[in-house]
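Take a look at this single chain in structure tokens; it is the form predicted alone.
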């Protein structure tokens, strides 16, 4: 069995952190995001095809250094192809039933159980589902008692919504489903173009409900939140990496390797990446501090992101900002490209 991991995006909503790294290599509790996805795969998934484009060299280096016990193929896209196009572009590596996974979704999905669900129902496609409170902001599914999906309904009024379940970004598909995707020479949305046609043709299209937690790590606030969720699930108030010197207080925060935090400093609901140096009496709240940053004494960083290798002077107050003083990488878009799951 194979798995296609969609990792070709720029991660524009996570800038400036993604100016310097592939989005899927952003650490969550000091482990790259993509590692969580691969480690959650069942043993019978022997080949992993990673649809990549932006900073694919970083991914190649990462997998050269780390062995996950599976064949890893970095499938470089010539241009952004969307969710459907990326899967079609990986067709030559797909031999039978396969998974499709969005690289920036972290959840408690039991993929082994989802595959079992798919097989038992002789499904053509099975997608993961997650409940939401405000159905009018999303596309929800019409689902039968046996789990079969018959329709996608876009942003219904609450009183008209057929369910509160949305597409949660993990799919189990039979190889023949690839016939529903055009040649990969343009942006193709699996969710908007491919799935509706499969349903219209009467193929067995099912939904598998996730129990536990689910989060789209596509924005700064959700990136901070996923670190907090995993800390709670591990019963920890904070995480500290190796070779750190921490003299301040931490709460609901993750700290990388080789980090210094001075006396009387307080870090709450934040992520501090490797090699950062934080002075004395600093307040950091609901923020991300990039690799190699220097934060001067008595600075306050609130609801902000400081890009890699930036320096914040003493007594500086940074609130609701994204700090990046260096040139933006060539070719980096000013807005999101392609089609995404509407969550």
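Predicted model only: the values in this text are computed from it and were never measured. Positions refer to the first chain, counted from 1. Heads up, when I say rigid core I mean the largest set of C-alphas that superpose within 1.5 Å between the two forms.
Unshown form predicted together with a small molecule; subsequent notes refer to it.
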Exercise for the section: Could you work out which of 105, 172, 261, 271 is the residue within 4.5 angstroms of the small molecule in the model of the complex, going by heavy atoms? Expected result: 105
Fill in the blank from the handout: Of 180, 206, 214, 98, the only residue with a heavy atom within 4.5 Å of the small molecule in the model of the complex is 214
Problem - Output flag, 19, 222 and 229 jointly within 4.5 Å of the small molecule in the model of the complex, heavy atom basis - result: no
Completion exercise
In contact with the small molecule in the model of the complex (heavy atoms, 4.5 Å), from 248-256, 75-83, 143-151, 233-241, is stretch 75-83
Practice task
Indicate whether residue 288 is a 4.5 Å heavy atom neighbour of the small molecule in the model of the complex.
Solution key: no
Exercise for the section: Decide whether residue 278 counts as a contact residue for the small molecule in the model of the complex under a heavy atom distance cut-off of 4.5 Å. Expected result: no
Practice task
May I ask you to state whether residue 138 is within 4.5 Å of the small molecule in the model of the complex, using heavy atom distances?
Solution key: yes
Practice task
Would you check, heavy atoms only and a 4.5 Å threshold, whether residue 58 touches the small molecule in the model of the complex?
Solution key: no
Practice task
Would you say whether residue 152 is displaced between the shown form and the other one, judging by a C-alpha shift of 2 Å or more on the superposed rigid core?
Solution key: yes
